[in-house]
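Coming up is one lone chain in structure tokens, specifically the form predicted alone.
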């Protein structure tokens, strides 16, 4: 079954939205893709004809199992390409998202299989997001949000909750990257910002907003 680039973008967006709500609305998709509700309605008709989603009248719609598998395949390609760009071509982690958005639409299954093997079958991308395998299985990593790490506890940065280039640039400025150790030194009640030590060397302050986007794997002291 042939799926266009535009259709893939819709499928991925619907998948991401239905992770938070069982049924997705036309307006939610329109807002996410910055398009009109009429355009979304037209695309939904195409995806329904291709038997990729189900619709409940007056309630909303969601991807069916085939649609979910298609979405996971797109996400798999995106995250493998991000890994390649960072690990092999030395892109910075705040530079890869837009490039991977273009590369994720390459249709060659053989290329993606070889890419996966070349990279050593990675389970997580440079932002710590899980990479679905060829069957759509998603690896699970035990981690908590930084805001849950108590004072004097230590963890290792395992994932970031946003791929905003502005946020990733801020993390780079603060010398925070995946795999870095982080120890909570103090939590300020006034604004819920956090003083942390990075790699047992650098003391930095992290805003409450930024902390909510950081995930850590706890380390026993």
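Residue numbers count along the first chain shown, from 1. None of these values were measured; they are calculated from a predicted model.
What comes next is about the form predicted in complex with the DNA, which is not displayed.
Looking at the partner-bound form in the predicted bound form, is residue 37 within 4.5 Å of the DNA by any heavy atom? Yes - in the predicted bound form, heavy atoms of residue 37 and the DNA come within 4.5 Å of each other.
Using 4.5 Å between non-hydrogen atoms, is residue 26 touching the DNA in the predicted bound form? Looking in the predicted bound form, residue contacts with the DNA include residue 26, since a heavy atom lies within 4.5 Å.
Could you confirm whether residue 182 comes within 4.5 Å of the DNA in the predicted bound form, counting heavy atoms only? Because no heavy atom of residue 182 falls inside 4.5 Å of the DNA in the predicted bound form, the answer is no.
Decide whether residue 190 counts as a contact residue for the DNA in the predicted bound form under a heavy atom distance cut-off of 4.5 Å. No - in the predicted bound form, heavy atoms of residue 190 and the DNA never come within 4.5 Å of each other.
From the list 157, 43, 171, 194, which entry has a heavy atom within 4.5 Å of the DNA in the predicted bound form? It is 43.
So if I measure heavy atom distances to the DNA in the predicted bound form, which of the stretches 148 to 156, 57 to 65, 161 to 169, 174 to 182 falls within 4.5 Å? Correct option: 57 to 65.
What residues of 1 to 17, in sequence order, lie within 4.5 Å of the DNA in the predicted bound form by heavy atom? Going through 1 to 17 in order - heavy atoms within 4.5 Å of the DNA in the predicted bound form - the hits are 4, 6, 7, 10.
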